[in-house]
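As a starting point, one isolated chain is supplied in C-alpha cells, in the form predicted alone.
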Amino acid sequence: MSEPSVLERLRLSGSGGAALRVRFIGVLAFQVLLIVVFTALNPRFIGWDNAQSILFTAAILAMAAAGQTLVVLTGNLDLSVGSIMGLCAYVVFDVTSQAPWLAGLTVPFAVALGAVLGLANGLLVTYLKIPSMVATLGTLSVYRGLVSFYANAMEVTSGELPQWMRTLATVRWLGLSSYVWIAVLVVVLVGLALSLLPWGRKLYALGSNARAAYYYGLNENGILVGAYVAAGGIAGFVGLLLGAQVGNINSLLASGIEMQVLAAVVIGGVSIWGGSGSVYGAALGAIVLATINNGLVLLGVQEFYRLLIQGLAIVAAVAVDALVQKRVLTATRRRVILEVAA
C-alpha cells in the first residue's frame, strides 16, 4: 500500500493521535522524575535560586531550539546554528562598538544577518539538492571560519557592548531573569506562527509527506527556504543574547551548541523524521537538558559522564520517536482502510 497522503496524515486520530500527544506528557513526566531524583540526592537542588539557574541556562537553549524546530518539522536539520550564533554576535557587536550610532539597530542587524546565513543553508538544500546534514555541516565550518577570519584572534570586550545589552542579562522581571521571559515570548510567537499561519501548517504537511505535499500544490522549496531563513534569524538574535551574557566575545562563541539544540528538539518530542511535534515540547526538552546538567554538576559528576548521559538521552528519544512514528503510520493506514471499506 502506498504512503498515506498529506490530508490523510493530518487527520490522525485514535491511537495514532494519542501516541503523538503522549510524547509531550512523557517528557513532562521525565522532567518531574528528574526533579524528584536530584532532590533526593541533593536537597539543594530544589531551592529557588537553583531553579532560577536552570531556567536561565535553558532560556538560550530553548530559543535556539525554537528555530531548529522549524527546520526539523520539514524533515531536515540545521547543524550550523552555533556558527550562525557566533558569527552574528561577533560581527554585530564589533560593528556597533565601532559605530555607536548603530547601537539602536543591534537586534534587527543580528536577525537580518542570521536570516541571510539561513537563506544560504536553504538554497543549498533546496536548489542544489544537498542533503541537509551535509549542507549545514559544511556551513557550520564555513561560518565558523568566517568569524575566525573576521575576528583575527581579537575579542569584543564587555565594555564595548551597548549599555542596554550589558545590563539585559542581569535584569530580573517578576523574580526571573529577563532572558527567561524573552525565551517565553520567542517560543510563544513561534508556536503561534506554527498553529495559526498557513505557512506553519505547510511545514507540518511538508514534513509529513513531501511527495504528497508536492502533488497537493505546496511550494516545497519556498516552504523549506522559509524555515531555514526563520531559523537563521532566530539564531542571530539568540547569538546576540548569548554574547551579552558572556561579555567578552571571541570567535568560538556558541561552538558545539548545535548538538545541545538538536538534543533539546528531539528529547522534546519533535520527530526527527519531520511532520510532528511542537515548539513547546522543544522548549521543555531544553529545560530537561538544563536540569540534567545542573543536577549532575551539583552531584560532582565529571563532564565526560554528563556528555555520555546526554548522548544516551538523544538515542533513547530517537528510538521512542521511531516507535511512535511506526504506530502512527499503522493507525493511519488502518483508518484509511476502514474509510475506504465503508
Partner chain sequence: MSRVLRSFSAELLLVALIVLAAIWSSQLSPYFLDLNNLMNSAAFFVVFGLMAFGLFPVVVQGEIDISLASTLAVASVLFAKLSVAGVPVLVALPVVLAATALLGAVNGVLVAYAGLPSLAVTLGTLGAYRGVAYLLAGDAGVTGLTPEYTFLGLSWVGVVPSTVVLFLIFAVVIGVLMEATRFGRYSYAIGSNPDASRTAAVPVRQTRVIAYAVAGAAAGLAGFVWVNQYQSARGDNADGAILFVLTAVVLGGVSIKGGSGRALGVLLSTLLLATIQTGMKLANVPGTSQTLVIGLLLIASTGGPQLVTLLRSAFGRVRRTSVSTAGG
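For clarity, a rigid core is taken as the largest C-alpha set superposing within 1.5 Å between two forms. Numbering follows the first chain given and starts at 1. Given the structure is predicted, the values throughout are model-derived calculations rather than measurements.
In what follows, reference is made to the form predicted in complex with its partner chain, a form of this protein that is not presented.
Contact here is defined as any heavy atom lying within 4.5 Å of its partner chain in the predicted bound form, and by that definition not a single one of 103, 112 and 173 is a contact residue.
Judged by heavy atoms within 4.5 Å of its partner chain in the predicted bound form, the contact stretch among the candidates 181-189, 201-209, 92-100, 256-264 is 256-264.
Among 116, 225, 124, 218, the residue placing a heavy atom within 4.5 Å of its partner chain in the predicted bound form is 124.
Among residues of the shown chain, residue 28 is not one whose heavy atoms approach its partner chain to within 4.5 Å in the predicted bound form. Mapping the unseen interface onto this chain, residue 34 falls outside it, with no heavy atom inside 4.5 Å of its partner chain in the predicted bound form. Residue 308 belongs to the set of residues with a heavy atom inside 4.5 Å of its partner chain in the predicted bound form. Within this chain, residue 214 is remote from the site of its partner chain in the predicted bound form, having no heavy atom within 4.5 Å. Shown without its partner, the chain has 134, 135, 137, 138, 139, 140, 141, 142, 145, 146, 148, 149 in segment 134-154 as residues with a non-hydrogen atom within 4.5 angstroms of its partner chain in the predicted bound form.
Remark: with the core as the superposition reference, the CA shift of residue 315 between the shown form and the other one reaches 2 Å or more.
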